[in-house]
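Next comes just one chain, in structure tokens: the form predicted on its own.
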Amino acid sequence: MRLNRNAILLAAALSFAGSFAQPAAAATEIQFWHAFTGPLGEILAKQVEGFNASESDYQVVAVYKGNYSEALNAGVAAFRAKQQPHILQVFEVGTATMMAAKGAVNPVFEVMKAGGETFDPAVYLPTVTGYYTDLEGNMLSMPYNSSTPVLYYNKEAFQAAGLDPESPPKTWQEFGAALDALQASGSVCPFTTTWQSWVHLENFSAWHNVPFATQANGFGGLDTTLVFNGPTQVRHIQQLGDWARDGKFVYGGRRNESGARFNSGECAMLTESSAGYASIKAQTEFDFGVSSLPYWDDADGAPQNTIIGGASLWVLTGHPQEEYEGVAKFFSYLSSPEVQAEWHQQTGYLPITHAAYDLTKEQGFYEQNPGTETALIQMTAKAPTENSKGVRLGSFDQIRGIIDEELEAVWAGTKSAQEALDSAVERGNVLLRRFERANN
């Protein structure tokens, strides 16, 4: 039977109209504010794309909000204006601030339960989740990008200096000898560092099992005081200051600016986050190695364990409950072994679950990429002590700014290590008392 042209047009019109009569439900948007650019931002974007492709009811929209400090400030300002995102990436030094923000945070353990998602804290690495857990054992935020500092070194520079490229220095005593050899071979930058407070005071203290602050580095209460001006820390900072005076340690900035100097081949050794692996692998044209942080071998209890940096994902209040179901689904996706293993392998961040760690080992990644298991071994070889569980302080971002300023005086030779650390402790304790009064 042949239909005439008018009948065909009528059928098409009815079909088109029907598409408006019964529209497909639009996916609910989940706003995710973060602080990643470059290779890490690209990998994050692929994770979000993967989730969105697997999910029809919810779509995550990832928005870059500046560096860690800027992203935290943006989240605070947005909450006050009642325009907050569902998810905010907050670096570890903002943890105490977020914990004290009563009424602003939906604890992740409650979000997962209300969202109907399977959630067992035991599947996560305790050295990671312990930092984001309250005294009752409840996870408050979702570990996302957790890292710890390691030593990167240029194997070609080692060869040129007559050093064994497969035997990086394990102690600071050996490190000094390596600096001498590198400088003698013509290196204009034998050593540099990123995140100087995090690496050379916070992690250094944990690695040597000495306190950074009282009350278990702040885990035990708000009435904590800074004590990182002890003899072990002073010795180390003074040694770095002496190396800076002699041109063996070249300071490059408070955050990760020095990474570019290592990646270009200018600097021979770099203490940097394990997450620096992504940019180092992408940007270097020389053979590099990854090793554990050095330690002073005459310090009692060293090496102990290093502590985490990076950030976690906090869920902010103020949205309809059904939207938090999408947040819970997204967190389950991010925690899956396949996603976590890929994230760990591509970035150098720690796998947050036992399953992701096991999968990475089964895939042979560590054998194929020597040194990439270093961060995990550093953090898990020994059970954490009160000095090495982490540092959780109020106003910590501002305290780090004070520490940076005082350390810069040491590198410039205008203050001794004792003078600088005494001043940083005194100034930082003023902020801690102010934070304590505001949150009691």
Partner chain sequence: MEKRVVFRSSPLPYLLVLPQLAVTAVFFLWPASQALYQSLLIEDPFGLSTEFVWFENFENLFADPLYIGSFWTTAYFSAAVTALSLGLALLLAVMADRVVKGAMTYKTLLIWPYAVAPAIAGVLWLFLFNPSIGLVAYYLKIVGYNWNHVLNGGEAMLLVVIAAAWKQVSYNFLFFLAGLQAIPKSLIEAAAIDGAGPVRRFWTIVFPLLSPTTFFLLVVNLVYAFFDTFGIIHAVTKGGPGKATEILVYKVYSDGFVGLDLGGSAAQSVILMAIVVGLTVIQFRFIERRVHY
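Residue numbers count along the first chain shown, from 1. All values derive from a computational prediction rather than experimental measurement.
Note that the form predicted in complex with the partner chain isn't included here; everything after this is about it.
This chain is drawn without the partner chain; in the model of the complex, the residue among W243, Y251, Y333, Y366 with a heavy atom within 4.5 Å of it is Y251.
Put simply, of S395, T372, N387, Q378 only one has a heavy atom within 4.5 Å of the partner chain in the model of the complex, and it is S395. With the partner omitted here, the stretch from 70-78, 270-278, 148-156, 346-354 that lies within 4.5 Å of the partner chain by heavy atoms in the model of the complex is 70-78. Heavy atoms of R261 reach within 4.5 Å of the partner chain in the model of the complex, making it an interface residue.
Although the partner is absent here, E55 is not a contact residue: none of its heavy atoms lies within 4.5 angstroms of the partner chain in the model of the complex.
Proximity of L201 to the partner chain in the model of the complex falls outside the 4.5 Å heavy atom cutoff. Though the partner is left out of this view, M98 does reach within 4.5 Å of the partner chain in the model of the complex, counting heavy atoms only. Annotated contacts: K46, T129 and D134 are all free of the partner chain in the model of the complex [non-hydrogen atom within 4.5 angstroms].
Contact residues in stretch 393-428 (any heavy atom within 4.5 Å of the partner chain, taken in the model of the complex) are S395, D397, Q398, E405, E408, W411, A412, R427.
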